[in-house]
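Okay, so here's just one chain, in structure tokens, the form predicted on its own.
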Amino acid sequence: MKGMDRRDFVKATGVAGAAGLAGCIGGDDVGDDGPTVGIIEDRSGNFGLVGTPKWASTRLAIEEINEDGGILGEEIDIFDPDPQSDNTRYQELVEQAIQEYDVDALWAGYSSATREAIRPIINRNDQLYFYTTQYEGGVCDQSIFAVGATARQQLGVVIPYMIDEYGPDAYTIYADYNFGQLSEEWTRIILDENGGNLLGEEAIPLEETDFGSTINRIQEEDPDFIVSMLVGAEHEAFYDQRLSAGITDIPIATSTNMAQGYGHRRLEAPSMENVHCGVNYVEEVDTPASNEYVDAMYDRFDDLEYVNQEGQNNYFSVYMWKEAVEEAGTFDEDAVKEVLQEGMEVDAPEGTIELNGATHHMTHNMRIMRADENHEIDFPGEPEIIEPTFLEEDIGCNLPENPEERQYEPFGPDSPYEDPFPDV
């Protein structure tokens, strides 16, 4: 019963037989009065590569649930227009999803810039919202369940590995917006915590495609490894130019590349050689639960290119929402939030993870994903469960007790951290 001191178990399984499931692709499957979810994920534009698996995974989960009888005996309708990687269009579609379709839950947005563009609308309407991208961290918001891995979790697994394997000296390149800027701050903190050193850093505009000067500066500094927080289709030019410049021998640590835009599948080898990404999931994870999910995805969407970590986050969070609705006995968003805030253990394709009800974040099975000269993938070491510690331990975020709507920053006034490399 709701209110009991126990963990709820969400079985994000049952993917067999997904081929040929009902539902049109790319349209609005919205009835007159049934429960409705919004899936507003990029399928075109700069983030179409990473957004398409998010959209497909969410549809797959809803279609599986409907095939199995729905939720509380009701079939779930879908509102899923393509926002086209345009934040103004995102704002318009989120308003439409809430005001016109009265969605019971919303999955929307890849980039942190998109999340921040729609967050005032989410907050104004107290909309239950699942943000599933791995991100910079720090969002303590009563309406948002940020279920992707944070920078603290992703960089916290890969940077210590790089220091141990290659040496302490790093050079950082990052996308020049909220995600990249705050991830770069986490890079400084994690380097310092593990005996690393920051030789230099560079902010890259999102539309930049010429990395010649950046590569020259990297060569001048001669780091032991590069930390990259580049994002989107434009920034992938860095990897081909890195290959042309002959610096694939300088390894890269990243929280973005390969796991999201699957450059190891699309770019010519060996441009991604020696790239190491901290991930909670990619389709190469070889476990029965992962293989079952991946097979179902390709059976359902025969033109799908890759099942990325964000797609998996969308998938398990749909089942997490289903469990919370069933526990609450209603689709009422406040009642569902109350159940989610009790905490849940989730059997996801990545493995067993846990929702922290106080912060609306997840533990994750963090892995290091590494590409060789042929873009073959391996996972050095064992998966490591990493808690999303910043909000709870460092900030004291407790949303059931204090329903905030803030984002805390690593070097912000409420954080215990100070910049360990102020002169870089």
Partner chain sequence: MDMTEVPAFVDIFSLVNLLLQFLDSFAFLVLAAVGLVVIFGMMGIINLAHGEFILVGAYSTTLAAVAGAPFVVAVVIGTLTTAVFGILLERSILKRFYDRPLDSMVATWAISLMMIQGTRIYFGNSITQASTPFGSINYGPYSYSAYRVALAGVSVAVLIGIYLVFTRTEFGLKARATIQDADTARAMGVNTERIYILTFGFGSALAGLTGALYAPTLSMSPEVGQNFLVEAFVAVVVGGSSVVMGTSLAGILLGAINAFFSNVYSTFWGRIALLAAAILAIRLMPYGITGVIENIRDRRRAGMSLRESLKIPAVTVLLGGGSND
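No experiment lies behind these values; they were computed from the predicted model shown. Residue numbers count along the first chain shown, from 1.
Below, we refer to the form predicted in complex with its partner chain, which is not included among the displayed structures.
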Can you pick the one in 290, 241, 143, 341 that has a heavy atom within 4.5 Å of its partner chain in the model of the complex? 241
Select from the listed residues 193, 347, 165, 176 the one whose heavy atoms reach within 4.5 Å of its partner chain in the model of the complex. 176
Would you point out which of 47-55, 351-359, 62-70, 365-373 contains residues with a non-hydrogen atom within 4.5 Å of its partner chain in the model of the complex? 47-55
With the distance limit set at 4.5 angstroms and only heavy atoms considered, check whether 209, 212 and 267 all reach its partner chain in the model of the complex. yes
Using a 4.5 Å heavy atom cut-off, state whether residue 329 contacts its partner chain in the model of the complex. no
Would residue 74 show up as a contact with its partner chain in the model of the complex if we use heavy atoms at 4.5 Å? no
Hey, in the model of the complex, does residue 197 get a heavy atom within 4.5 angstroms of its partner chain? no
is_contact(residue 247, its partner chain) in the model of the complex, heavy atom dist at most 4.5 Å: yes
Residue by residue through 290-305, which ones have a non-hydrogen atom no more than 4.5 angstroms from its partner chain in the model of the complex? 305
